[in-house]
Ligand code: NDP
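Next comes just one chain, in structure tokens: the form predicted alone.
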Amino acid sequence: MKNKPVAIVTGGASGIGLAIAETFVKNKITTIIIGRDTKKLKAVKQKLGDGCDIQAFDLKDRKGIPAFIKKLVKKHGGIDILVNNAGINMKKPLIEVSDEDFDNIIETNVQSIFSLSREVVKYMLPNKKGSIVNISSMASQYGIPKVIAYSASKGAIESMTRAMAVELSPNGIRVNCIAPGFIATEMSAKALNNDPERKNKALGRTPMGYLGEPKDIGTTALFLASDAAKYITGVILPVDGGNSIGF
């Protein structure tokens, strides 16, 4: 029998996912970190120690998800928290985005989240308890050029959050979503530092005037997953320094 809560964090080997995993481990939540890069996963294991379990798995292998989750449940005694953080982005003008490009983003960012959530929920239902935290983006809050597929995927995640919350909350499973603003990660630094105009625009419409840190998302995910948020479900929470309401 497990004596600590068990969480899954997808894409947990870097950036926002790593910050969430780190926050969970520090708060005595056994954290299963799923990623594709074995080297990064091993480095995370070294950093976080016995509080985490690293699992190399490609979430695009949707047929393999049921057996994979069954194995994790058997190993850890159940899953209490699921953080759907894994996602990919692509910056291209609309007319250059091929059907394959679009499908690839939707498969990773939407379809795999659905399949993973469905399988985890099967094990949460008998306990009448659980928390799912999806990670969206400001790209779903308003129009950003050259990220059409990514924007579509994040809009779908927010709609899924509401639909799942209404269906699952009567069974004690809360479903919420975080919409991060401009967070200082390796990925965002690369994008913004190569595009000073975009960076100035991002900061100019952020009332707090600076980029957020990955740990800002980590502490928010911890809050939403914990009993401190026991009466919160179906919420899309921007953590963006006011960017989504900035002028």
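Since the model is a prediction, treat every value here as computed from it, not as a measurement. The numbering used is simple: start at 1 and walk along the sequence shown.
Another form, the form predicted together with this ligand, is not on view; read the next lines as being about it.
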| item | value |
| --- | --- |
| Heavy atom within 4.5 Å of this ligand in the predicted bound form - residue from Thr206, Thr220, Thr30, Ser188 | Ser188 |
| Heavy atom within 4.5 Å of this ligand in the predicted bound form - the one residue of Lys26, Lys215, Lys60, Lys47 that qualifies | Lys60 |
| This ligand contact at Thr108 in the predicted bound form, heavy atom, 4.5 Å | yes |
| Proximity of Ala163 to this ligand in the predicted bound form, heavy atoms at 4.5 Å | no |
| Interface membership of Asp37, this ligand in the predicted bound form, 4.5 Å heavy atom rule | yes |
| Partner contact for Ser137 in the predicted bound form: this ligand, 4.5 angstroms, heavy atom | yes |
| Contact segment among 92-100, 69-77, 128-136, 115-123, judged by heavy atoms lying within 4.5 Å of this ligand in the predicted bound form | 128-136 |
| Residues of stretch 82-113 in contact with this ligand in the predicted bound form (4.5 Å, non-hydrogen atom) | Asn85, Ala86, Gly87, Ile88, Thr108 |
